[in-house]
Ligand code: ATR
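The form predicted on its own is given below as one chain in structure tokens.
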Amino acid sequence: MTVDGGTRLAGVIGWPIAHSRSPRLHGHWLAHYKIEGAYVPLAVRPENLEAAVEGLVALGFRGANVTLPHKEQVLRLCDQVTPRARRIGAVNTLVVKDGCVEGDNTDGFGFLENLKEANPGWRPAGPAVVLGAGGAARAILVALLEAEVAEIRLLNRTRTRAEALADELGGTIRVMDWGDWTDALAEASLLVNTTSLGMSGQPPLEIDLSPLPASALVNDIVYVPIETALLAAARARGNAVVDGLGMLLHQARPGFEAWFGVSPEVTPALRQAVLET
């Protein structure tokens, strides 16, 4: 594809940015749908974030994704922020229109769409067990709250952080002690790991799954490796499992549609393209 004055531009802002798989993801869609567009990695130091957001408008970008460490800081730089991004307290998608920058957060959307794609007919019920209280957990908790899950059990290695998050978000979140697997997993319909435990290069997630009902769905948002020890253990005992790659793929759909005018599909070919190293 030749990039010229008519090329629609988008990208991903982060620091560092070389590890991001978003250019590969959006590049696959651009090629598949034969769109005259480009999606580029934008390495932006924290002290240059404000100038970078202003630069999107000045350079004619349709928008950008935002990744670590900028997702919280960029919120204050947006002209408009969607209610869900405001509630989550972080932005991962910027859309530029008529000189204004709107911030959105599509992580929760990607999370739920991933579960529904992997398990057609699945609907959020409860109780749901969420491990971790970081940025990804915030988006997932908000998605579960908006889906009106009857009870959400939140466990974090630092309990006070979980308590602060539960107090902030409100709703049906119940904080429980890390390691209290008997009570936390009893009668659960969903278990989600949002921590880095089990990721390549990180300590393992040590959890006793024996109290978890065989009917429960188990999701790990980690996708390196694509099947974590948690998913392998859950699969071995008969639970349905969902890896974390689909969340990355589905959260990208709203931004791509806003920037390039096509509602893209998540396909096996896309998964393979993003997984290739």
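Numbering starts at 1 and runs along the sequence shown. Since this is a predicted model, take the numbers as computed values, not measurements.
There is another form of the same protein, the form predicted in complex with the ligand; it is not shown, and what comes next is about it.
Across the options 84-92, 102-110, 133-141, 120-128, residues that bring heavy atoms within 4.5 Å of the ligand in the predicted complex belong to 133-141. When the ligand is considered in the predicted complex, R157 lines it closely, a heavy atom lying within 4.5 Å.
Although the partner is absent here, I207 is not a contact residue: none of its heavy atoms lies within 4.5 angstroms of the ligand in the predicted complex. In the predicted complex, the ligand lies within 4.5 Å of some heavy atom of R161. Put simply, T195 is close to the ligand in the predicted complex: some heavy atom of it is within 4.5 Å.
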